[in-house]
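Let's start with one chain on its own, the form predicted alone, as structure tokens.
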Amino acid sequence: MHGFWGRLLHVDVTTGRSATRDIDEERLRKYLGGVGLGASLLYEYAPPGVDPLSSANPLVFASAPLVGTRLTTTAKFAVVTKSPLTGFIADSLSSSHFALELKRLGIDALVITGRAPAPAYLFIDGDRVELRSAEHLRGRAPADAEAAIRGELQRPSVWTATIGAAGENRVRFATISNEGRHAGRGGAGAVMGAKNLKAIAICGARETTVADPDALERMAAALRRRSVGTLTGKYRHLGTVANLAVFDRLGALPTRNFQQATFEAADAISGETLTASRFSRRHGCASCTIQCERLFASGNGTGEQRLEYETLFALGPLCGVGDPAFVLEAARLCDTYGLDTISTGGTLAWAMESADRGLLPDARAAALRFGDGAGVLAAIRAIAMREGSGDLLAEGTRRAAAAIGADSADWAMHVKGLELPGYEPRSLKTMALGLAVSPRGACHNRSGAYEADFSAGVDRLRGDAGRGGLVAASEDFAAVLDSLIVCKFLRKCFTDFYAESADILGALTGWTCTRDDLRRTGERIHALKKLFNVREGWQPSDDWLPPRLLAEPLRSGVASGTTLSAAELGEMIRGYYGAREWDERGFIPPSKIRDLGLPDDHSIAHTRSA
């Protein structure tokens, strides 16, 4: 088999036993790799109704067919599990050398179940699998733990995926970190912490084969050329921090817990200002020609700090913080403890508003105020360590609001328990729909719905049923990108994405594959994620937006006064279900399940023995 290995490794960390298992070619054709393969394995290995923090919840690391080829931006892997934050599917992507090393192990996926009897890390060296003590790594930052493991093993070629203190303490939005990057949203780090697993260290030596190397190299060379042209100019010149000033001008920058859509200190923390005053250098993932990462001087002696738009938004305008020094330090602390920056900022913004209303009993939490950079830093540590009020906030906005009551759920800005990213739904109506219906929860990465809002011919301030087809198409597109895996920043470098990707996959694997085959694969992968959620208790009311967005007009910016009504959102959701050929309540009909070749309760055996 070319491009794939056709096997997975299952490790039970309770016993330390491991075994390989074949993955049949039909499954790989249907779901590819990455998020698609990970979702398929999650559906199989997770017992229905499993507690996300129990030993039985599988943690799946999935490789992808394009990893290890000369195609730019493809050094990526997926982490898939049942989210402790939402109770639904969590599918996160991360990148760089860990992805390459995972593929070199000669497997397409690593499935981890169980709970180690004591803090441990998993060392996989080719075919050797070993569970080693991690007592000495307790509480250490991911970067420190990675360096310690590499020194201990005396293997400079070892790469790790590691949790910080937040994962150890089961903060429900803890991340899994590798090389300063994060499988971030949904709390996979808490799942890993619940398994008593500090890190996974891997070292492989196998190389996958290619069916038609010359054809694949021609296509790879063409994409490399396009990747350094005007189509990726924003990412190469300023990085995603450029979005902050643009969104502020459009009245689409969520500020002070979505109470405003512009930020008076936007200029002080814009990508342009940060680049002029604090820019250190560009950086990128392994196998990437775009190099979108921007490292900025922290200004407090701690060196360089990675920063992109979502982190900048969440720890800046969302919390009313306009001092770049505090934003950069907050980002560093989130990296140190292993915290998703969007959920951290969203939870803190909810806490700040709750404090304004006198609803937080803990004195330290009650002192949190919008714009209080020092308070943000103290609260981040409290969350990671679950100290004082941090124990409540570590549960995320949905659970925290349920705990304190008093209508605080009205300003808890989440969908399905996942905090909203940096897009204002009232002034980006297609994005509003994308956020409401995403199986992952409030997510900007599992569809490109916002691109429709910024395109010609779409009125971003008015919603209608036609938005449903736009969102569905963008979700299917993202599902294929996330399963091949190709970075989304390369997406505009394709003239015809499905046709060109089918050609690439054919040259790699030797399969006969058409653009329609790949489009249908995207639909199948997305539907499988929804099917998993339905099995875990999804109800139509879960596809909705926070009360604030449907009750309050925008207060600032060019779109000031714009509203998003419940009727408008309902019309868009019905249009979406119709475009998907689901029933009027959002369930997938049996005929559609059969048509897409999806599993039912009897077609997949829940084989979980290692």
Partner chain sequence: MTCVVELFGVARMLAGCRDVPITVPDGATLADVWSALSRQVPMLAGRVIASNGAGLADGYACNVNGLDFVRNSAASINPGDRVLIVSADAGG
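Model, not experiment: these values are computed from the prediction. Residue numbers count along the first chain shown, from 1.
Beyond the structure shown, there is the form predicted in complex with its partner chain, which is absent from this document and is the topic of what follows.
The putative spot formed by V11, T14 and R386 is not touched by its partner chain in the model of the complex; no residue has a non-hydrogen atom within 4.5 angstroms of it. T275 is the sole member of S157, T514, T275, S133 with a non-hydrogen atom within 4.5 Å of its partner chain in the model of the complex. Of the candidates A382, C288, A245, L518, A245 is the one whose heavy atoms come within 4.5 Å of its partner chain in the model of the complex; the others do not. Among heavy atoms of R181, none comes within 4.5 Å of its partner chain in the model of the complex.
At a distance threshold of 4.5 angstroms between non-hydrogen atoms, L53 is out of contact with its partner chain in the model of the complex.
Its partner chain in the model of the complex is approached by D453, whose closest heavy atom lies within 4.5 angstroms of it. Of the heavy atoms in F497, none are within 4.5 Å of its partner chain in the model of the complex. Judged by heavy atoms within 4.5 Å of its partner chain in the model of the complex, the contact stretch among the candidates 165-173, 80-88, 111-119, 443-451 is 443-451.
Residues T230, L231, G233, K234 are the members of 199-234 with a non-hydrogen atom no more than 4.5 angstroms from its partner chain in the model of the complex.
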